[in-house]
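Below you will find one chain, with nothing else, as structure tokens; this is the form predicted on its own, and questions on how it binds or moves follow later.
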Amino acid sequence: MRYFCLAFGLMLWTTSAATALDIEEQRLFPGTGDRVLRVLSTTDLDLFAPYILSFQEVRPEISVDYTVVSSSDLHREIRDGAQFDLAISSAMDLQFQLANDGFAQPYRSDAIQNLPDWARWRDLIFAITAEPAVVVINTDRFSGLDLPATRQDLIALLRDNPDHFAGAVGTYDVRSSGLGYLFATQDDRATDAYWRLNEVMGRLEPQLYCCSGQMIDDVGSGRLALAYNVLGSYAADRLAADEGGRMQILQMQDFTNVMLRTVLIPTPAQNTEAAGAMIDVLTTLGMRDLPGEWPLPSLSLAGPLESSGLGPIRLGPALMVYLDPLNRRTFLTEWENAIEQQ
């Protein structure tokens, strides 16, 4: 009886732990052997599948169990010691915090030595893509309107056309979206116009989202006229399937936030050899200069941006400033006051 109770208790604990993680997508890519590489990621399955298949061309014996969650959930799971071999996230500040706080194993190889200094930190965290934040618009809903080129233009457009944009502007809920919080804090560092933009959006009953994909889908359907600060890679993928030409990407000319999608090996990881092999494939593809139909942009994007003064967000301790609890609480209070004007 005692063993039955123990087993039943463990079953309940396992069930509650599993349900606590809000899994968006999950798929097993079978290999020819018994080894399984467990990957926790924020990257949509359809975008990352080609990279997994490329890895399995090199290591066909390894199965890949790929799970997609939000950046906040990923951060929490890795801090709580979840058993994954790789963590891949778009929220590079949260990833850097994990590495800085001792939740990542070091990894060294010839492949990662080819990464530029700004794309890795202390052999613990490695960039695999460089992706800009963009504005996506519904072209039908912008008929007859001038397209904004800067944030000041966008502020003027929204301010002067409140009836047109009421309830039709989308952006991240930065309280729950790790990537949204990263982009928002980087906007704050770059320009005073960020808070003015929030105030103007706040008067329009903005729609708040967890993820780029949902915002872009609502732009395509016409529910939104525009989505602010979405991932350019996701937008480009949706536009490729937009046969009606209902969407357009606008990259603000005053400045561009360029996020580094990063990968690390969590400290509890058991299959570290396979994890390292996957990192080698991802960083090699990340440094590619050759053309190819890869869903995510390469790190080479950062070269032209750096030369124009719009380089990628840097991996380093500066990312920790807005993660300080007091700084985060202050930022979120100001954001709520601006964006929730009820």
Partner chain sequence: MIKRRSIGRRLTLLLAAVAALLSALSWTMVTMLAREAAQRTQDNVLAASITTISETLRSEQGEIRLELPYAAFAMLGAISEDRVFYRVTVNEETLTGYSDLPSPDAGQQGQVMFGSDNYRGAAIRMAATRRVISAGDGPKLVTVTVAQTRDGAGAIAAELSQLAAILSVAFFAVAVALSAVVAATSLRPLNEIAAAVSRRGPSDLRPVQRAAPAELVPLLSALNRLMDRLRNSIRRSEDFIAEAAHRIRTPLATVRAQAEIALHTAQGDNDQERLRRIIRAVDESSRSAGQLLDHATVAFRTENLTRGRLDLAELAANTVAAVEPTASMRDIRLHLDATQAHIDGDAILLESAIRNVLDNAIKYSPEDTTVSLRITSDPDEARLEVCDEGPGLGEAPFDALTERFRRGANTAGIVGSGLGLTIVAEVLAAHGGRLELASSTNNERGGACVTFVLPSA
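Everything quoted here is computed from the prediction, not taken from an experiment. Residue numbers count along the first chain shown, from 1.
Keep in mind that the form predicted in complex with the partner chain is not shown, yet the notes after this line are about it.
Asker: Heavy atoms within 4.5 Å of the partner chain in the model of the complex: which of the stretches 191-199, 268-276, 92-100, 155-163 has them?
Answerer: Contact criterion met by 92-100 only.
Asker: Although the partner isn't part of this model, could you tell me whether residue 75 comes within 4.5 Å of the partner chain in the model of the complex, counting any heavy atom of the residue?
Answerer: Contact with the partner chain, no.
Asker: Quick one: does residue 27 come within 4.5 Å of the partner chain in the model of the complex, counting heavy atoms only?
Answerer: The answer is no: residue 27 has no heavy atom within 4.5 Å of the partner chain.
Asker: Is residue 33 part of the interface with the partner chain in the model of the complex - any heavy atom within 4.5 Å?
Answerer: No - in the model of the complex, heavy atoms of residue 33 and the partner chain never come within 4.5 Å of each other.
Asker: Can you work out whether residue 151 and the partner chain are in contact in the model of the complex, taking contact to mean some heavy atom pair no more than 4.5 Å apart?
Answerer: No, residue 151 sits far enough from the partner chain in the model of the complex that none of its heavy atoms falls within 4.5 Å.
Asker: If the cut-off is 4.5 angstroms on heavy atoms, which of these, 84, 107, 172, 121, is the one near the partner chain in the model of the complex?
Answerer: Result of the distance check: 121.
Asker: Checking a candidate spot here: are 140, 212 and 223 all in contact with the partner chain in the model of the complex (at least one heavy atom each within 4.5 Å)?
Answerer: Contact check failed for every one of 140, 212 and 223.
Asker: Considering only 169-188, what residues come within 4.5 Å of the partner chain in the model of the complex, judged by heavy atoms?
Answerer: The stretch touches the partner through 186 alone.
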